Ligand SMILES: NC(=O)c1ccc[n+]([C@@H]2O[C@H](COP(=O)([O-])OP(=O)(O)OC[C@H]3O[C@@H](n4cnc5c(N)ncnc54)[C@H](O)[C@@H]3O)[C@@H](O)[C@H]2O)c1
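Taking the form predicted alone, here's one chain by itself in structure tokens.
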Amino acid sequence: MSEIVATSYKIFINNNIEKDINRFLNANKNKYSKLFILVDENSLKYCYPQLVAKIQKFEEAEIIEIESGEEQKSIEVCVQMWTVLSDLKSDRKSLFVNIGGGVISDMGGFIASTFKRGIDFINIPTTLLSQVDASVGGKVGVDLNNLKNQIGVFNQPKAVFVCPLFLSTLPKRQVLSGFAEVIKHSLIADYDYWKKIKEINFSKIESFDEIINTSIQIKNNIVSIDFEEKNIRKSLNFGHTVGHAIETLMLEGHNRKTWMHGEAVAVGMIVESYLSHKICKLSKSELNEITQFILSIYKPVKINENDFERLIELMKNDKKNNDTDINFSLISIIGKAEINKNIKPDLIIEALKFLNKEISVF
């Protein structure tokens, strides 16, 4: 068992997480009037039964189910959820429980943070992505017109309960999507961690406990210094300026291959490593090392050059930008981030062409 202390809450990492949840609920038994549990069809089928069998208070909770997928992370779905909470007579002493992946953590936290000016919520992340990233750090929000995380607030959960065993319910592609955030953590903050994850054999790995613990520690250390992303927390966006633009492009298009969040971020890290080489003096050897490692795990298709200009336009909508500048978080060496780097579109297009060339070679 591991317990990490965040700014105003605790993160419990435990394969018998039900004990920690029961302790939390019993310690707050006079505080909460009602429990509401947000799930999708996957967490309802694979994770909720394991929890409710050992957490008696969950038997009394109202279950709210949404469909899985990034398309659900919208204001329209939030309105439906707020209406359900109102119809079920939720008051400001209610507790909102998010059981699921990144969409559930992001949107559930936003729903709770805004209903009646805010009700308490806890996260029980069930995917690698949500366990190492989305459920920790206090960023909650939804997409707007397919633009990622345009509407949201900073608000901390009351606790996060991480059960690594839930990962055994996931298909390999889902696990690899979450692993992109692990790669990001190593590249921006910890060279030794980078060396360690490069040795992982996914066909033989039996436990993600150490990976989950290390990644959460890295993110928590950064967030504790800069909760509202005015400085060093921007480093956590490495790979995401390009990655989010790719995700939006996929959501906009018809008959396009759908990319998961981590797959888009993985590709984004290659592009942004190239920019790091050009702007921050990341060595050619480390650029090649990063590119080859990512392409050994992920198998992206080339991005159509006709889409390059649209990707640039989408990057200009990124919430980190000021006016028309496209702001990036890059790296100067593996393990050291550099923030607030404004890049011209021509160089971004050069980096996208580098990506396509590397995909072809690999």
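The structure presented is a predicted model; accordingly, all values stated were derived computationally and were not measured. Rigid core: the largest C-alpha set superposing within 1.5 Å between the two forms. The numbering used is simple: start at 1 and walk along the sequence shown.
One more form of this protein should be noted, the form predicted in complex with the named molecule, which is absent from this view; the next part is about it.
For the chain shown alone, residue 111 is not a contact residue for the named molecule in the predicted bound form, no non-hydrogen atom being within 4.5 angstroms. Within 4.5 Å of any heavy atom of the named molecule in the predicted bound form lies no heavy atom of residue 152.
In the predicted bound form, residue 127 approaches the named molecule with a heavy atom inside 4.5 Å. Taking the partner from elsewhere, residue 37 is found to have every heavy atom lying beyond 4.5 Å of the named molecule in the predicted bound form.
Exactly one listed residue, out of 337, 294, 47, 311, brings a non-hydrogen atom to within 4.5 Å of the named molecule in the predicted bound form: 47. Contact with the named molecule in the predicted bound form, defined as any heavy atom within 4.5 Å, is confined among 328-336, 298-306, 52-60, 37-45 to 37-45. Although the named molecule is not shown here, in the predicted bound form the stretch 90-128 places heavy atoms of 101, 102, 103, 104, 106, 126, 127 within 4.5 Å of it, in sequence order.
Relative to the superposed rigid core, the position of the CA of residue 205 differs between the shown form and the other one by 2 Å or more.
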